[in-house]
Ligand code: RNT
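Given next, in structure tokens, is a single chain: the form predicted on its own.
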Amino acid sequence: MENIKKTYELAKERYAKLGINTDEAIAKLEKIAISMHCWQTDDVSGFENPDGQLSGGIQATGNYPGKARNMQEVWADLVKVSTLIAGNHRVNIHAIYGDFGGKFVDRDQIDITHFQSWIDWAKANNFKLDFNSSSFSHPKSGMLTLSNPDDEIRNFWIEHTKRCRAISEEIGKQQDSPCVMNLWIHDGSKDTTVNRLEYRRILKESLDEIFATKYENMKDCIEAKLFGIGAESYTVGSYDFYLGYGAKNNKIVTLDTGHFHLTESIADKISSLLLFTPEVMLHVSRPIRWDSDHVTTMNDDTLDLAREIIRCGALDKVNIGLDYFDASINRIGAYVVGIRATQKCFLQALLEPTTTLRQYESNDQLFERLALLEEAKSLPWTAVWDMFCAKNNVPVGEDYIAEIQAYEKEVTSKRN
């Protein structure tokens, strides 16, 4: 700890020369809540039918031993993750993770009673909850849900989503913090469709009906996708569709970093959305060739995303969650690597000499701006990161690896 303090003091002095207060940066980072996606614990199996097959363009690849098999194991894994990351974070749950008591409850019948145990657990462990409707992996999912011309199927999913909003409202009320409810559907077509407008018209009408009831303790988010497995040629809920709907109806648009063409800059979308929608929801993952849901790492895409949020002064208008499910490696490790990587990106963004950079830009000193941006990359941010971890009593550096290995030996390896 003594060496960490010494190194930090040197870094603090270096940053101070650029007008940056590292203590303030640490304090701000401590307040950035990341919503941990519960489905990393069990490869999106859920509790409705844990033996069911994934559908709707979702795949969890790999078969690493020790996945969570029930609610208690999901909870235990999430608590373990929380001991290895600094800050107070949130937990994001899907509708298929309800406490159904071993009985089948169809998705148009769920209500708050199936999630009260989640609320109680979250309160006991200092978490806040977020929520998601689940339109995939169901006999009525098919290729079309909320955009289905079949009224019986469409109304089933409308009712499901209405209930999810009501559940989210009650969660938000009980936890005294708005519950962010994300709506994502996989609807689309594997091959060419000649009915694009009609499916989107139906989806718009479904959304209008779903959002007719106004709530005060939850936030509505609508999530687009470029394509899904089995829906490569056409996605009803495209980015253009949800951007238009969100801007017109004052809804939060979710930006999943895996749901766009790989050459697109998701960071560039932040400043535009903030002008026309109330907030932004992020699902941070790492796409490789497609929405492959790899564990988030400290790469350029995530760094750019964090920097743009900080440069826009939008921490209070951006909700941050993770969305990946890697079943090929230790699942607890996947959480910790992804969360810490995201935090590292935000720390570097908080330590950027933005004021000086803006002065250079406004004075048309473009060489100076470029030079400082380059020099900022090698500033001693790692010393600040180590202090952030030490100050919050979580493992510094790679020390968390041994703790995860121990948890695997003592807990997850014993799951059949």
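All residue numbers refer to positions in the sequence shown, first residue = 1. Please read all numbers here as calculations on a predicted model, not as lab measurements.
Below, we refer to the form predicted in complex with the named molecule, which is not included among the displayed structures.
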Quick check on this chain: which one of V44, M36, M387, A349 has a heavy atom within 4.5 Å of the named molecule in the predicted complex?
V44
Of R165, K173, K251, H94, which residue is found within 4.5 angstroms of the named molecule in the predicted complex when only non-hydrogen atoms are counted?
H94
Quick check: do E48, D99 and S137 each get a heavy atom within 4.5 Å of the named molecule in the predicted complex?
no
Given the stretches 218-226, 302-310, 148-156, 231-239, which is the single one in contact with the named molecule in the predicted complex, using a heavy atom cutoff of 4.5 Å?
218-226
Though only this chain appears here, would H283 touch the named molecule in the predicted complex if you measure heavy atom gaps against 4.5 Å?
yes
Tell me, yes or no, whether N132 is in contact with the named molecule in the predicted complex, where a contact means a heavy atom of each within 4.5 Å.
yes
H259 versus the named molecule, in the predicted complex: is there a non-hydrogen atom within 4.5 Å?
yes
If you check in the predicted complex, is D326 within 4.5 Å of the named molecule, heavy atoms only?
no
Within 4.5 Å of the named molecule in the predicted complex: residues from 175-192 (heavy atom criterion)
N182, W184
